[in-house]
Ligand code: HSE
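One chain is shown next in structure tokens, namely the form predicted on its own.
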Amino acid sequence: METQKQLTIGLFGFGVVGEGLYKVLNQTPSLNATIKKVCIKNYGKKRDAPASLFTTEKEELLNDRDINVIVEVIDDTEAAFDIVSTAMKNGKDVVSASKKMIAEYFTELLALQKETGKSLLYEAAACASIPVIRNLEEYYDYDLLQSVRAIVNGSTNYMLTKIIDEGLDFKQALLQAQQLGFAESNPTLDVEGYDAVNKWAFLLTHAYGIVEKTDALLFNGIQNIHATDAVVANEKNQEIKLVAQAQKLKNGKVAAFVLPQFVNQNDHLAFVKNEYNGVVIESGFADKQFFYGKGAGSFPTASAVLSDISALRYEYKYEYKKLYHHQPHALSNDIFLRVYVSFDDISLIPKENFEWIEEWHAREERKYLVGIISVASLHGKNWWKENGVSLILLPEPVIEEIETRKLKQRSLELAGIVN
């Protein structure tokens, strides 16, 4: 029988997730895991744990030979990377929940894992309670993974639920999300899409072997979603969701982005409400699988950290099979998207950037169009993020180049421009 390793944990951070983990571990004695020391910033703050457990000196944890696992759940990117890299060099396995740190330092973290032979697990950094990384890593074969679509940010999903289903405006929805602890007091990372794209950057590695910085991905948040957009969604029996997606193209490359999207009401992602996350994975022969779970909160995130701690008892490591054992896929910008764009002032919209425009609604005070535009023409441009312009993908938005020519010809014929 395989023996379980005894885990002695040094924990960095005792906020929502750290305290949740402490409580969960106390209720799970079978895990063979105990927290020896917790490093915090402010020693004077009252905490629901013995004072002897806490220190403000990180070296007490990083240099303690009895501590063989460092768990890091802080929100300071630079400090988190320093903790993780020092811990691994000191022969300790690491569990992290810091998505921004993982996204920004991913290449360095890959190198550290090779160099030290230590394990770095971070299931809690994406989709909280949903085991998406382990599934992409272990279950889905490189060649058979057709697409991954996901709602990976609970705060924005909560807000969109309130805007679409209950008719709240953006500010009211944000205030509710903050009061319930789903959105930070500074919500920029969530509402402008940074949090979602950070998660998507490293999920792409586990799905397709792609290692890219976030600025290589087209992304936006929900900050410009307008009441008119909600009305249009309801008229079409659709929801608006912030969707992270990756899709394998006919040429073998992968299209990937994080953008608001209209989704049909029978789409799996339409059922994902409030602070929940959802992931739809489509593979060659298994059709679609749907994972659903809480994407925010103390215990859901702590449960993912706990799952990683549990895996360390058996020396589990990510193998990055699609990166190291196959030819990794490449990211492609040679695609076109079918988009809805709403705006107040037509002069803000570069009409010449569209391949063609299918619908034009100019009578209303808030105007909108539906058209086809290339990903390449959106990269590096900000007109579609500024001045209240709202760009939302339509269902099944990706059009490959060869299809575009056929569709363009067809639309011109319908318009009577060519025979």
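Each residue number is its position in the shown sequence, starting from 1. It should be emphasised that the depicted structure is a prediction, and the values quoted were computed from it without experimental measurement.
Below, we refer to the form predicted in complex with L-homoserine (HSE), which is not included among the displayed structures.
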Applying a 4.5 Å heavy atom distance criterion, does Asp82 contact L-homoserine (HSE) in the model of the complex? no
Does any heavy atom of Glu184 come within 4.5 Å of a heavy atom of L-homoserine (HSE) in the model of the complex? yes
Find out whether any non-hydrogen atom of Pro260 is located within 4.5 angstroms of L-homoserine (HSE) in the model of the complex, and reply yes or no. no
Any chance Ser155 has a heavy atom within 4.5 Å of L-homoserine (HSE) in the model of the complex? yes
Tell me, out of Glu72, Asp308, Asp93, Asp190, which residue has a non-hydrogen atom within 4.5 angstroms of L-homoserine (HSE) in the model of the complex. Asp190
Heavy atom within 4.5 Å of L-homoserine (HSE) in the model of the complex - the one residue of Ala173, Ala255, Ala296, Ile102 that qualifies: Ala296
Thinking of L-homoserine (HSE) in the model of the complex, which stretch from 241-249, 315-323, 338-346, 288-296 has heavy atoms inside 4.5 Å of it? 288-296
